[in-house]
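Below you will find one chain, with nothing else, as structure tokens; this is the form predicted on its own, and questions on how it binds or moves follow later.
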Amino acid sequence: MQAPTTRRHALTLAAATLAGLAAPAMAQDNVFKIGLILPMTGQQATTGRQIEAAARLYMAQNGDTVAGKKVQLIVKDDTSLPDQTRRLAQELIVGEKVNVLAGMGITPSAMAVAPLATQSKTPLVVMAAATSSITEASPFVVRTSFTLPQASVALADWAPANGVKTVVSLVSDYGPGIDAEKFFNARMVNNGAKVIESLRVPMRNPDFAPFLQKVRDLKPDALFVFVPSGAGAAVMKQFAERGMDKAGIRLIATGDVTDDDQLNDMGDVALGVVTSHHYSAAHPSDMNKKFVDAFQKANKGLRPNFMAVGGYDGMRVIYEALKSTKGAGGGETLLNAMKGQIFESPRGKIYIDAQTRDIVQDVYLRKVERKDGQLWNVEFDAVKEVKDPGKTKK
């Protein structure tokens, strides 16, 4: 006779969970809760470390009380496992009653949480994940990072005009990599270059060696690379070990590869590598110089990377939305206050497109140079106010 009782109990729990998700997230009294889900351990741990540090820096600089609400940051480690991300998001919505979800280190994590954001009407501020379609997965997603099409197209316009007539693309085999491959290759062909081959490397336990050997045998003018933040050093090391630079093959990439967080550990092989990206710690604005200095002082000399600026600006978007609603708005009201924000970031002027909820920003062409004994991504050109080509050219 126990089975019906157990089954009724399970159904009651399921109903309670659904009811919790269906109701708009309302934090207790005067507390405003931000649930920050990040990979703090595992392959993408550098992403979590950078974004959490930037979020805490923003709070230290701007206070933890906004519009009469005490801001509480709740950090959870999802180790970049989407099932874990979804479970943590559900706990934060139902148990903690967070007002905002944020973070999302990789695309599969963001996609796993998007339906929960829709169902609970909880704004989801994506600070890292960069596949174009993420903002279309839920009307409650707002992105403060970038998209791979944004970064890739700028480089594909530069390369053919600078001696790259044949290219092989090498990307990590998941959403952002496929976006990078698609938009880079299409634009290269459109600009008169030839894509000899497109290679995809597994995400888990990647070994770049056999792929790089194949590239060496194909002898293109350049190798175009996208790998997620944290994996660039391994690519650079194996590129050098195979003597590909000495064989006359140029390495060009999105800025994930010459990640500011790891750049100084890459050594001379990184010198001269041209990348396109939305942020460099060497960006020459006064605001960025102050940001880099404050970040390093707060984090034992750690240099901020593009993940940090996504986290820093994400907190700014949340704070300004809370101010705009005078602390009273949640759910859709808070989301609407995030749309259309225009402001100066450490990366330059940016805005949140009110229709797509995606970021519009300058994309910079940079070359790795040594200055004062350190390696930097030095900007030499900029493409202004780039919207995501994944949306504008469908």
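Note that residue numbering begins at 1 and tracks the sequence as displayed. Given the structure is predicted, the values throughout are model-derived calculations rather than measurements.
The following text describes the form predicted together with a small molecule, which does not appear among the structures shown.
Contact annotation: Phe226 falls within 4.5 Å of the small molecule in the predicted bound form, judged by heavy atom distances. Though the partner is left out of this view, Leu101 does not reach within 4.5 Å of the small molecule in the predicted bound form, counting heavy atoms only. For Pro176, a non-hydrogen atom is located within 4.5 Å of the small molecule in the predicted bound form, even though that partner is not displayed. With a 4.5 Å cutoff on heavy atoms, Gly105 counts as touching the small molecule in the predicted bound form.
Residues with any non-hydrogen atom within 4.5 angstroms of the small molecule in the predicted bound form fall in just one of 155-163, 123-131, 91-99, 75-83: 123-131. Proximity to the small molecule in the predicted bound form, defined as a heavy atom within 4.5 Å, singles out one entry of Val171, Val273, Leu263, Leu148, which is Leu148. Proximity to the small molecule in the predicted bound form, taken as a non-hydrogen atom within 4.5 angstroms, holds for one residue of Thr356, Ser345, Gln341, Gln44, which is Gln44.
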